[in-house]
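Same chain, two forms, each on its own as structure tokens: structure 1, then structure 2.
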Structure 1
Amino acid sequence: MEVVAMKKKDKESQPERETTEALLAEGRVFRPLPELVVDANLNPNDYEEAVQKARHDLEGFWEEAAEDLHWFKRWDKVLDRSEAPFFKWFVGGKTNIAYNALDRHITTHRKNKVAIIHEREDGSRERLTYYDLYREANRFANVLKSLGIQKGDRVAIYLPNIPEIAIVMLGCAKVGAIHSVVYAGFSAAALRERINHAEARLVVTVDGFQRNGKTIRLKEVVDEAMTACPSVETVIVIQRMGVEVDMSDGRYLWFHDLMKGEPASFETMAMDATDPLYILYTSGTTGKPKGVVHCHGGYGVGITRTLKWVFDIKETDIFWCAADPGWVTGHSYIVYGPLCAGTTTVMYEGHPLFPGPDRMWQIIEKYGINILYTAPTTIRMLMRFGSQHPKKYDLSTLRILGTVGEPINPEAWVWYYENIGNHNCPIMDTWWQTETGMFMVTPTPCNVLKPGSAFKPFPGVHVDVVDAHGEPVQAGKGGYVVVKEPWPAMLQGLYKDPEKYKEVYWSKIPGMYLAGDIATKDEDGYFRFQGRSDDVLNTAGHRIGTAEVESALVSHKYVAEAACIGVPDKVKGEVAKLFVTLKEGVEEDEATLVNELKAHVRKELGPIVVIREISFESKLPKTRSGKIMRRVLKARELGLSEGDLSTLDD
């Protein structure tokens, strides 16, 4: 393989287009910048050593990573396999992720360091130091205690990208309550379903927030959900926009009233390493979302180690993960990971295109951001507006870039590399999932990169690509993505559904965790992820179960049957195409029906479902047992033979 050093190119002599095409045609690879490697937390020798150490002593490797964190009591056993696939890490150990994220920094030089920089859409900003955040989280922990919330109780958090979401999450962790964050773009129906499944006693929300020049009145969505949430005793409302809200229901209380009366000190509870920290619902192959459970100990170890090595976190860094805390990316790498690593994390409340397509670049210049981690969809979207926008800003503080959530096409990779990183920043394409909790397949800044590849498994992580029998596939051949050994941030199970946990992840290829993705590995062992192998589509990095869309559709009075498939989209990766058969006697014209059904899906699931097209059919292809064959629809749609789709189908 030919290797080129990452160097500033002479833009005049090499026009952008030509460079891009040349790179793709030649299949060049990118060697790390010497100046980056010199100071890296992990140099190429360390990397090799880590890989070897992890290969020979998996437990010892992760045990060493655990030393980075505070333990009230050290573990008795690193990994307990006795109840596999319910693997338990750091058994007997006592810790608390909030203690690691906040309390332990307060006695160090980090006490007055900025923990969170928050940028509102209107450009105003707020900064919280570690000490500020610590005191606020303590106050909120005291609020929870006053409300009688105890260890193991569930708290639903329906908040956007504002500092209070971190305060509330950390406050929950401090008292040992289990939080369930519901992304603020989800509908009332989706929120209600998640609250009820978790039997949350408390909900925390906000009057409204800024998004795309508008005020989103989030509290009103909660009102709608609350009509059928019997477990909820209290709803705490944060006052942010000052919009009028109805507080007449006796369950509603103001956040600021509650916080005012509480002391800023709190004794963070010592939790078992395996005690649950949160539930995060994600889409799978059934009509109902799955409640993925993560814990305090192994999860904290996994996300802290991966963040420090992959993004090479330095004491002076400002780290921007431009995701939303409502997804796992935000849990692990906006809130818990960066704070455990003691870095400064950036939260941006608004839309990346508001008021214009230069907003992200402007934020990077404004704060001197060093590391940017975002989704390929965002890169592709901004790429379409052209490189004149990033050129207007000083992006020279950037040292490392990252992507997550979906495959990145080499063209977008190279655009990101050239125009945002200015040929000076390696791109960390991180493959992982809600279930894995932490980066699984990812480079570090000391590895040689290939555009469009997420490199290889992180040291101590055993991801592979196998056939249906669990045998490794040859280089270049597609197969199922599996994990062959436990890893510390792995899910603890599915909330209230241990059987489903076993069935979904551990039964199809015995002894291995089945991720639900398909990928290839090349002759150098580099992974290329191709998408999901199950009935989950990935729109703009968001997971949407086709069965969830279908059950939303059939709940409409006109719909008899429905099928949903993912079709490729240049910007969003994949979007939904729907096939619908109508009940007898529906007389509305097609355009009205399309609008109504789109609105209905939006109401049931929220705006994250992007529908390209709705096609009305007289009947849908089915198996003899009556199961709708989505793969046939997909084959027709993509102009493939059914055989071509065999690996796409689970």
Structure 2
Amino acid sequence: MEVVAMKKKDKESQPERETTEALLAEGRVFRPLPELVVDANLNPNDYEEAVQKARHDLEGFWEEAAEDLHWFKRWDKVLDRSEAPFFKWFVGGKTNIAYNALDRHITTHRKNKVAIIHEREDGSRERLTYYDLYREANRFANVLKSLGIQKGDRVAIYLPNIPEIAIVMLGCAKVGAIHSVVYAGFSAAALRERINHAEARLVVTVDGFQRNGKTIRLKEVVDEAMTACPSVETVIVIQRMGVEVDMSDGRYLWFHDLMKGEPASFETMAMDATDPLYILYTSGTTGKPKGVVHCHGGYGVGITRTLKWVFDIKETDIFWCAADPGWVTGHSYIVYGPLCAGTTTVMYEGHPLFPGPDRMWQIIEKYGINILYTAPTTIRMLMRFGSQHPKKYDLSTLRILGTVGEPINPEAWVWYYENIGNHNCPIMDTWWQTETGMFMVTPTPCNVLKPGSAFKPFPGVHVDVVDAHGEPVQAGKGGYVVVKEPWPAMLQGLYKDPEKYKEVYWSKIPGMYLAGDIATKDEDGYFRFQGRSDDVLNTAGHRIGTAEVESALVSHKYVAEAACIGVPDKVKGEVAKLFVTLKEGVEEDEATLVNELKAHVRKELGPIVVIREISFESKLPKTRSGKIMRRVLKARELGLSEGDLSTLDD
């Protein structure tokens, strides 16, 4: 990729209408490599044509995308707006996402292609071909049927990043059951709350798994949760670590015993396109969890089209989404998306720093991975240990890189590009949510990139930045992120709570989906996300995204990671407290560093950011998926309740 410096245009002033300040200026642009563009699934001309088609014929654009999937019955109507905001896609159509992920590949050249490569933390590995996975999912579908699980029944899945989680998810989809995956880091109380809200009849778990050099005894958490889960009739336990577990409860059955006697064939159920596929609970660590519902049809169309175009999936690619199936990233781009696209997907069970900070690069070399999709927090964490670790490994098979989870600052973007991509791999910085189901704002490999920017909305997706009245904000001003038109992978509502769905997402700016994030758009229409709308400093009337302050800090040569929170101030209203993790080997004394970092932030962002204090930390509180838990820092600082800490990594 070619890097070019661009001069920034002056920003005109605009009256304050609850917009945010855009303080960071980034002038570098990276142009796509010609050899990548030539072979791309979507070249620059195709991209522009797709944008125009989607703009003028939204339904026709997504109808064409739907042709990539198998339908038992074609739809009668592409999009039904009659009960907005409960939009319905491909109404009257019949399909099944598991059929598209497995069954249709078995009669093709993909039958014996590797579907899943699984790496355990101890370095041992498993490989499942599409035919292997198909037969295992069929067996599990037969297990479900034998247990009386029917279409519409809820199945809670409490499993780590192991192949069985894909088998169970796909088996549920085959019989029409609705699965609800609960991240394996949640506590017994959080698990119980989700099981009871979904009224799950069945729970699937494991005796234990490997994490950070330890055996996590997951079934013991289930035992605690089961003391008050009246809807659960059966608990299936996968034997993985061979640890001793109590199976005396009459509801508990071994996975291997149930699978042993079942046939490897199963007729996958034809589901209505609008039938629910899964419930995924979100915001459980910040408030009462909301059960986001996604369906078979539109969701399958959205994730398949976005994966093929954004990551330019080729038949020979090995794709590693280094997330967890417990989050939507894992649902869409570890399990369902890659399998629908017919690619090989990598699953890693362990911690990215175990046994050392070179673990991810070792895995890339070991399997010749072509595409890496990971979180900015993981990149910043690995930056802390320096560039010498990736240099020890052959990363030349990488073709495309990606990021997901929260905004990536330019410094981390460039480090990733230079040290992992060796200046050759475009970075697909994607913005989307549990609720959106699929990438919403993202580049493709044929686009010109700017570090720290997620580019523009994907063709067929109408995302904008507006003020509190729903009016588009001027270039360079921050505002609320909204979606102005329905999209196929959109949530179908909140489970058992249609009124909350309307209130949370559609009532504050009528006629628009309110994402809850803030962003800016520059003169070229590139989006730069600033974080959640509640992660904003309100200093003397200026609204500043905390992500910008963190980004400015991480651009300093000594800083590996940073978190910014707002603390009350009698004069300014709110000022910043910063938590900083330094790179290895920094020897300057704290007082000097504090002054140096304050001066650096002032230079990067101007005097508008008032810093009360900088605290140096050996590590920051994070979820096991790598997100910094800023609310924990804020609660500790203000002496408030820290809330649910079950997703805390340490």
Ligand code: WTA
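Here the structure is a predicted model, which means the values were calculated and not measured. Sequence positions of structure 1, starting at 1, serve as the residue numbers. So that the term is clear: the rigid core is the largest set of C-alpha atoms that superpose within 1.5 Å between two forms.
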Which of the two shown structures is the form predicted in complex with the ligand: 1
Per-residue rigid-part match between structure 1 and structure 2, V482 to L537: no
Angle through which the smaller rigid unit swings between structure 1 and structure 2, given in whole degrees: 136
Core-aligned Cα shift of K634 between structure 1 and structure 2, given in Å: 7.6
